[in-house]
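A single chain, nothing else alongside it, follows as structure tokens in the form predicted on its own.
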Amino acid sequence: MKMKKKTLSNLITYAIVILAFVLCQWLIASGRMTRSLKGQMVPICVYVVMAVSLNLVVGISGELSLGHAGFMSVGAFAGVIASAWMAGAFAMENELLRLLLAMVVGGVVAGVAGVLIGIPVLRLRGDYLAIVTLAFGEIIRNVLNCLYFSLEGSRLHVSFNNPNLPGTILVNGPNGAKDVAKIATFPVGFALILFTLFVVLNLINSRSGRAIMASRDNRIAAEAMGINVTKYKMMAFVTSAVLAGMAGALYGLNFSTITAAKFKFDTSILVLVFVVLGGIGNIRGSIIAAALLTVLPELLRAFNDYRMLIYAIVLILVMLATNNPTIRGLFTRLVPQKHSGTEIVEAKGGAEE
């Protein structure tokens, strides 16, 4: 019965995403969607992926990360460079293939950054981990401000604090990447959301996912059962980084200009707000919160100077509503249910396998 409930819940989540995509496509095809809202479709997909991937760390793994925008920035610049390199060196004219490969490159590079950061960071707990992830996010942004990339034929040149590179400049230090080919599309963003849900939901419902949640609920008991806590927390952290990198690549290829300043601490906090308002550990809630709160400032643009005030009031009202026991019971679960010792034993069996 429990497995059937989980399967049904996952199918409802997929159905909500698919119905939203069909509705948006119908609005676009019929001309009922405004131009400004149409331009928000790809960013909405990006922030949904960011929220779901961060919820894997914050809600499922139980670790507070404040540097998620750092992985997004790594993926964005890696994707932009990969796309320009494929177009210039290999004359790849198929934009869809170039976009998909650029997203893969962005995910891989962000995953490598996740491993390098996760090795020292995941030895910490609580507030210390949050502070260190925040520091790493800012370090990544400042390093990107000092990097210069250029393309000369099929050769890619990279330099640190030296703008005098041969060939065409792709990334110009703090000025970022300019004249980027805008090849990101809404259908690809929708496909990335489905891929993210497939990865995250399957990980949560697997034995590895139960090991991750057992480590979150009672680290001492999990270690006593033989679960390698660091290994499974690293698994969740790196998976989240890879998905954030893929979202970053999609985001970077949606604008003609991309700079490291777009991935400041504010972006990490914004994504964390999506996770908290949608419900910590609630994947479906993260999707809804990210979509609504991304499009809300555009819908309030008619109010000019008061729109951000209204946006802040809406956030406060949502927080009050989600902390109401009745509403929380009807719509979301802010805290995942604790897992019994039986599930810790099951997780331990998966770890042994």
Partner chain sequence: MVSFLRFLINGISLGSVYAVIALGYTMVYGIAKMLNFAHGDVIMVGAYISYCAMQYMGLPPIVSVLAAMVVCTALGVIIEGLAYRPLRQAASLSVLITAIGVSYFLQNVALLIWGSNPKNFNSVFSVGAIRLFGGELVITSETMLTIAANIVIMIALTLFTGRTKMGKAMRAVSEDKGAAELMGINVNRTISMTFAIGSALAAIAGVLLCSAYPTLQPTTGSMPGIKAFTAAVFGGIGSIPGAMIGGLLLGVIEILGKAYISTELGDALVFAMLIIVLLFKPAGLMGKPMREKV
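Because the structure is predicted, anything quoted here is derived from the model rather than measured. Numbering follows the first chain given and starts at 1.
Not pictured, yet referred to below: the form predicted in complex with the partner chain.
Note on the interface: of 255-263, 80-88, 203-211, 141-149, the segment with non-hydrogen atoms within 4.5 angstroms of the partner chain in the model of the complex is 141-149.
Distance criterion of 4.5 Å from any heavy atom to the partner chain in the model of the complex singles out 273 from the list 273, 225, 156, 229. Looking at residue 186, you'd find every heavy atom of it more than 4.5 angstroms from the partner chain in the model of the complex. Put simply, residue 29 is far from the partner chain in the model of the complex: not one heavy atom of it is within 4.5 Å. Although the partner is absent here, residue 125 lies within 4.5 Å of the partner chain in the model of the complex, judged by heavy atoms.
Put simply, residue 161 is close to the partner chain in the model of the complex: some heavy atom of it is within 4.5 Å. In the model of the complex, the partner chain lies within 4.5 angstroms of at least one heavy atom of each of the following residues of 130-144: 131, 132, 134, 135, 136, 138, 139, 142, 143, in sequence order.
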